[in-house]
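Heads up, the chain below is alone and in the form predicted on its own; it's given as structure tokens.
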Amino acid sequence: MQEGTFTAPGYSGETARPAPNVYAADCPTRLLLDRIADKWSVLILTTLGPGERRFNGLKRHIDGISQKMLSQTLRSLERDGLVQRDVVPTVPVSVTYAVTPLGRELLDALQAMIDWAERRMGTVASAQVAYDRREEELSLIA
């Protein structure tokens, strides 16, 4: 700081970071949205919502997920602080997964979307049928 210059109260002396802009290609928020909007992440988090589970319990509960995808998604969710992995050194080793407090916050937000999807699936299905019918009619004209 130059001689004769005073700092304002509350000023840290550092330039503030720009506010996140999810529309910018390099915004870290976009990467997080990509992860939490992924169907496997949503299904894993909602499965873990009621309590901890082991890997095979998750795999049995989430129909259609491969072992590789489950493993990759769990690692990503753990890295993001949304899932906690606990290893118990037994023979064989026992590994359980649980939602963290941060993951619980996300689950609360996701539940509103899940409720909406379940409530509106019939309306969406009707819209899809109507769209497909219009597209088919247009293709017959062309």
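Predicted model only: the values in this text are computed from it and were never measured. By rigid core we mean the largest C-alpha set that fits within 1.5 Å across both forms. The first residue of the sequence shown is number 1, and the count goes up from there.
Below, we refer to the form predicted in complex with a further copy of the same chain, which is not included among the displayed structures.
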Q. Is there a heavy atom of residue 55 no more than 4.5 Å from a heavy atom of a further copy of the same chain in the predicted complex?
A. no
(Q) Since only the chain is shown here, I'm wondering whether residue 109 would be in contact with a further copy of the same chain in the predicted complex (any heavy atom pair within 4.5 Å). (A) yes
(Q) Please determine whether residue 84 contacts a further copy of the same chain in the predicted complex, using a 4.5 Å cut-off between heavy atoms. (A) no
Q. How about residue 96: is it within 4.5 Å of a further copy of the same chain in the predicted complex, going by heavy atoms?
A. no
Q: Quick one: name the residues from 99-131 with any non-hydrogen atom within 4.5 angstroms of a further copy of the same chain in the predicted complex.
A: 102, 105, 106, 107, 109, 110, 111, 112, 113, 114, 116, 117, 118, 119, 120, 121, 123, 124, 127, 128, 131
Q. Does superposing the core leave residue 29 with a CA shift of 2 Å or more between the shown form and the other one?
A. yes
